[in-house]
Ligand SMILES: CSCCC(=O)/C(O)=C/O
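Next up: just one chain, as structure tokens, the form predicted on its own.
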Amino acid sequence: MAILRLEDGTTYTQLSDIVRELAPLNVQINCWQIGDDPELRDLLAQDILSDVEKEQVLKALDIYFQQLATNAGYQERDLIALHPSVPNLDTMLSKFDRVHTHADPEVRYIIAGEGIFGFVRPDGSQVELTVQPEDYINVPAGTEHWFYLTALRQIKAVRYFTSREGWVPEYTDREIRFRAASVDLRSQSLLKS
């Protein structure tokens, strides 16, 4: 389950506390069960998935997509699988590790691995939310945020879209003062080379 860290060192792990702390941003967080299907669990344990395997995973979890399509007009979904052997991983991630917004909501369902969303709250304070398997997050359009991977450097997430045009990052140039994980991914990958 998700972990929320505040700048003052306070950490929340209870969903109700996290929901309360993110309420001023209208960020939605919930727990969506993956289930116990052994075939699905085996696929989620693999680093690399073929397009056919990705579609198997998506179909197994489409109950959530159908709900979003019916209730909120979502039209597309895909599966992103990031891991250390993805070519140009750091370059891909660098698009999102600065404070930015999107014209459309950023909706993710984490099904394996973990990542960190940072947010600028209305009072200017910053928080970071570690998302893990079975976490569903909806970041509203216009919300200042950033994203990076934890030291695990792996995540699988279903991404939901009303359209892909509004999902381009629009950078705000606001400084990130707070990084709970304190991980410099570029330095880390240079040391491994």
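For clarity, every value in this text was computed on a predicted model and none was experimentally measured. Each residue number is its position in the shown sequence, starting from 1.
A second form of this protein, the form predicted together with the named molecule, is not displayed here; the remarks below concern that form.
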Superimposing the pocket C-alphas so that the named molecule sits as it does in the predicted complex, and applying the rule of 3 or more atoms within 2.4 angstroms of backbone or C-beta atoms, the verdict is open
(message) Taking a heavy atom within 4.5 Å as contact, would all three of L22, C31 and Y136 count as contacting the named molecule in the predicted complex?
(response) no
Among 22-30, 64-72, 37-45, 152-160, the stretch whose residues bring a heavy atom within 4.5 Å of the named molecule in the predicted complex is 152-160
Practice problem: Consider I80 of the chain shown here, and say whether it contacts the named molecule in the predicted complex, taking contact as heavy atoms within 4.5 Å. | Solution: yes
>> Would you classify R121 as touching the named molecule in the predicted complex, given a 4.5 Å non-hydrogen atom cut-off?
In response: no
In sequence order, the residues of 88-120 that place a heavy atom within 4.5 Å of the named molecule in the predicted complex are F96, H100, H102, E106, R108, F117
